[in-house]
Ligand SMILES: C[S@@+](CC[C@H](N)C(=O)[O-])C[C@H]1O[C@@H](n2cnc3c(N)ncnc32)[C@H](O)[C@@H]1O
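The chain below stands alone, shown as structure tokens; this is the form predicted alone.
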């Protein structure tokens, strides 16, 4: 069974001037803006050659590489019929016109029509990637200095004639309440009584909601999607710049309105499965139980620019992280019990699945053995380890390079000819003198890219008042006595900043 997205949803993203059917589609999309930076007509984009190509790819279920390749929705042929996804939209109080368009979209999908007769059932508008906070797990943060395009003013007027048959219009950023054109669009949409039947969905960090409740009350149907990830100190550790006190008050306000004056409003929150999140999970569950706010729990997605956060937080992909939290099982079990006792069984079941997965994972205890140095290079000799580059514009100037794009980086290579440690693990310790670091000069991200000979088995960051240290531990795949080359990418931390190579690289082992 193929994915329904190409027949149902349109994603408009000004930051990368792109229109697709899905946020996860990685092939070419139609351009959203014309040469004058004006919005192209939505009807033209819905059946543009790029959109028809995706429908054709899905209909033919091609095994070769394309924009849907690698997506679990495309690969999993055992999914329940996607036709049921259309039925979920009919649960809302929709008009006859919306119902007709929904039925036509469902039929287009069933018949695998390349040229869709229906209009989109859902629009998803990214107004820009600007935001008022800087979340450690956000996949947009590394790109913000590189992709600053925003949706042009008066966008609602330009799109209005296409929206009436949709069931949902979702507004996103960055933070849509912090983007002038996003705020303008949402206010115009909420005030338009001819659009009262179309649900407004706002994906927000909820830090600014209290400033906009007045005009939001004009809209009878709103869904608030809020990523909070944790509560209290856990929230503020992940969602840097946000105030849990403010967000908690806003969530309680919205939940109160859902239960009172605005029964057609909905509030959804979500949390990614992180080490920090598990540390504060019982408190998170108590907040859910007390307020009755349900939460989705989701895996953390890796993307260029946040690899180091993933290495430090993604317990599902790197379960060795749990050895720093010895009572993690107690914390997860307590949270599950709190949700179960509160009657929030679906949320409890989701956490239980992750709990079972983590208990079955191989979580090695941290070794207390002090590593010994096998080889060390420092200063100008670090450059001699560079064997190539990533991205097109890397020009090494001494021990640094200017990052023109987030994909810029240098690759170092270490050859082992039957000299790997006995346990098959090698520790790379990268060190930077903190005196070199500044607001414009950042240490490179140390990224162990997928490779045939090694996998990441540990990643730590530390140091002291004078030195920043990053420890990257890799474990060999296969025979440790065979010749191997370990590749480590030293990637730009941020666009437009100077990326500093380490002052010293040590190859180490914990084996006896």
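All figures in this text were calculated on a predicted structure; none of them were measured in a lab. Numbering follows the first chain given and starts at 1.
One more form of this protein, predicted in complex with the named molecule, exists but is not displayed; see below.
Position in contact with the named molecule when the complex is considered in the predicted complex, options 175, 347, 308, 408, heavy atoms within 4.5 Å: Contact check passes for 175.
Proximity to the named molecule in the predicted complex, single hit among 250, 181, 230, 137 (heavy atom within 4.5 Å): Checking each option against the named molecule in the predicted complex, the one that comes within 4.5 Å is 137.
Partner proximity in the predicted complex: residue 424 to the named molecule, non-hydrogen atom cutoff 4.5 Å: Taking the distances in the predicted complex, the answer for residue 424 is no, it never comes within 4.5 Å of the named molecule.
Exercise: residue 239 in contact with the named molecule in the predicted complex, heavy atom 4.5 Å: Heavy-atom contact with the named molecule at 4.5 Å: present for residue 239.
Touches the named molecule in the predicted complex: residue 98 (any heavy atom, 4.5 Å): No, no contact at 4.5 Å.
4.5 Å heavy atom contact, residue 203 and the named molecule in the predicted complex: Yes.
Which of 434-442, 187-195, 256-264, 293-301 sits within 4.5 Å of the named molecule in the predicted complex, heavy atom basis: Looking at the other structure, the answer is 293-301.
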